[in-house]
Each structure stands twice: as structure tokens, then as C-alpha cells.
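Read on for two forms of one protein chain; each stands alone as C-alpha cells, with the labels structure 1 and structure 2.
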Structure 1
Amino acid sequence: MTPETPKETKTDACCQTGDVAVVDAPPPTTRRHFLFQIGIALNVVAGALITVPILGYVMSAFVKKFDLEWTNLGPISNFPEGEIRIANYENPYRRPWDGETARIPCWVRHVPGGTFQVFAINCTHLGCPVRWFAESKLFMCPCHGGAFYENGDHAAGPPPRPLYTYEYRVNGSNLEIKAGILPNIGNPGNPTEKVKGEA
């Protein structure tokens, strides 16, 4: 006579002597399952790190840009006719943590006849600050040897374009420029601005 096979029953049902109870317990967490979940989490983080900057770049085209503000460079008497002087202005969109970097230098050329050119200080090659040498009448970039004529045109070296210029106006006895964003390839200021009588 063969022994009787125990009968399986659900835990909800009443058990009789000799029945085997089947419990609907969650499967145990294995190391493989745990590592798989960690892998998914790391992939989600990596995807976010890649996607967020790309979305920010694409959406920035739809975000309202800063309006440039007329900013005072000081009295015209600070810029003698026929000379090029450096000036500093306070970024109108400065943040508390900007510190000294909120004070931005630029070069002001007072052209004989009462007109001005206000050049951004950054070289149009890689953005190094250019210096004015009155003896040679050239702006020189110390980083890669770029050179610009006194009217901002490219003279030598790797820079691909003339110095960027600010839009300016004379307001009473003061010289003002439109500031807020450094002139760059996307916002070149007045790239075609030329002083009359110059090439």
C-alpha cells in the first residue's frame, strides 16, 4: 500500500492534518535582481545628465533673452580725441556672487570728428583679453599672437574676424554703451560698424 500524497491547500482554506500549506509570499530578493535594479537607476541618472543639458540648449531659443541696457562709461572728457583708452562698466545683470568679474573692461576709441568705437576686450579667436599698444597702433592678443588695427579690423594671427564692438551713444556729456551681454559671435554688437573715411 502506497502512502497517500499530501494535498496542497491555500492558506485561506482550512487545513487538515497532513495537508501542505502553500503561501503566496513575494520572491526573495537575489543579488542579481538587486544589481539589475542598481543598473537601471544608474542608467536613469546617466540619461538625465545627458538629456537635461540638451533640452536646456534647445529650449533656450524660446526663452526671453536679456534686454541690453544703456550703461554709463563716464564723461566724454575721459576719452581724449584721437586716443584709445580703457574703460570699465558694471554689468547691469550682475549677481551677488559675481564679485569683481561684474566689472567689465572695454576699449574706447575717440575718433577725430566726434565719433567713437567701443571694442569688447575679448579677442575674437578664443576670448583672451587684448591690449592696446599705442606705439604700434595695434591691439595685441597675448594668447596666440592675434593682432587688430586701431579700428578693430583683423591685422594678423588666427582671429577670424574683427573685434566685437558695443553700440554706443552720447548722452549729455557721458558716453554710454548697450551692455548686459558680452559681444560674441551670436551677438556681435555692431560688426559692420565702420568709421567714415576708413577702409
Structure 2
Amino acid sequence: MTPETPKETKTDACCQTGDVAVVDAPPPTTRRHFLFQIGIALNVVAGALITVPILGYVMSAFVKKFDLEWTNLGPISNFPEGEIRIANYENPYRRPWDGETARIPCWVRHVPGGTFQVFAINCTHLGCPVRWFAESKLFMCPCHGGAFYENGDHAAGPPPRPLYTYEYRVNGSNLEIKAGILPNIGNPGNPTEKVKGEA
């Protein structure tokens, strides 16, 4: 029997009868009080410790930097000079269970004179897939009517900037692009791109 046991019983009794006056000043430091404080302190430490991996896990997608990787688009002969053709590539970050979402399309423009422009499929307005219309030489977006010229410049509608482009290189007979992200205003994904500003 510890000395404070009777007091506790008294407190319980007081509360049931609604008599608050019996509750005295907090008890002097006792073993129970000490254990309570130690318990709180230990839980603060434990809580902080378990928060580190949880936050780290959750926030990893936020802080991690994903490097772009050179990805093959196929032989250059697939892209006749002066024309714009669609090409599909495999996401370099693909998981085995990604299924068809791992194949990403893009538009390849073989500029007369031997250079290329590789455009992301995503409209710069809200990311819908733009389609190339060879007769009117326009990329048109099915969502909000954005349109782009063959060099990717803004032609009409709400898109805030020209089409996103990929960095490209010719490797032997193959065309390669630096791929791996869904381009967006916050991260257009091509550091070499020269943005002419708002169209």
C-alpha cells in the first residue's frame, strides 16, 4: 500500500458527488508522478523516432531528384526529313508492373537541314495528348482547343507556353531523347530548351 492510495479513492468519490473542493493542490513528487513524466518523455522520443522514417518515406517522392536518361526512339530513317511522326519510347523508370503506362508517345519533327525537334505529347495547358494535323500543320489538343505550329510555338487557345521538348541526340543511326518525366510547368524536363517566353 502506497501512501497516496487513500487520497485517490477520495478524489474519485469527490468527483462522483460533484464536490470539487476536496481536490487539493497537485500531489508532491511521487513515484507515480515520476513514472508518468518518464512515460511522456519516452513517448515524445519514440514518437519523434517513428516520425522520421514515416515522413522520409512519404516525402521521398517530393525531395528525390530523378535524372533523365537517354532513351532510344528508333532509327533516324523512321523520321523522314521535313515531316512530323509519332514515336513511342519505354519509360526509363519503368516498373515490371507498369503495363501499358510504360510506353510513352512523343512527336518527332525532322527539321529540313538535319536537325530534330522532339515534342512531348502533353499539351502545355493541362497535359492532354496533342495530335498532329499534317494538312493544316498544326498540333491540336482535344481538351480546351489549344493549338501549336509545327515548331511547337503557341498558335491558339489557352496553352501558356510552346510545346515541351526533349533533349535529343543522334547515336549512330538511332535518335535518342532524354526521357523519364511527365513535363509540366513546374518541371518542363529539358534544361537545354530555349523558351521564347509566353506566346
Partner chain sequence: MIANAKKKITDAALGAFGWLDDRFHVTEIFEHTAGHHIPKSTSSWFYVFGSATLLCLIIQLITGTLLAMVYVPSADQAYTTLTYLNYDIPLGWMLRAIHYWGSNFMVAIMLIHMTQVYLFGAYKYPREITWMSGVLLLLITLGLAFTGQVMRFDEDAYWGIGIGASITGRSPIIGGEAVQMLLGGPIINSETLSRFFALHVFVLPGAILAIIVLHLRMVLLKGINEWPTPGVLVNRETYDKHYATIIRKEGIPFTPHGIGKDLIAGAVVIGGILLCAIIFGPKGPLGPPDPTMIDAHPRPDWAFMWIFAVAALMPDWAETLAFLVIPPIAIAFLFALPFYNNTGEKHWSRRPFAVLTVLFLYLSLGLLTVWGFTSPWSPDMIAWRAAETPAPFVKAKTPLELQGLVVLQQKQCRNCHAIDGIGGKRGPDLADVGSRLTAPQLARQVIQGGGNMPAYGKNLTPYEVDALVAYMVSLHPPGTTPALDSAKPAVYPEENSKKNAKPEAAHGEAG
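Residue indices: 1-based, along structure 1. In this text, the rigid core denotes the largest set of C-alpha atoms whose superposition between the two forms falls within 1.5 Å. Treat the numbers as computed from the prediction; the structure is a model and nothing was measured.
A.B. asks: Mark the structure, either 1 or 2, that is the form predicted on its own.
C.D. replies: Of the two, structure 1 is the form predicted on its own.
A.B. asks: Checking residue 39 here: with the core superposed, does its CA move 2 Å or more between structures 1 and 2?
C.D. replies: Yes.
A.B. asks: Once both forms are fitted on the core, what is the Cα shift for residue 58 between structures 1 and 2 in Å?
C.D. replies: C-alpha displacement of residue 58 between structures 1 and 2: 10.6 Å.
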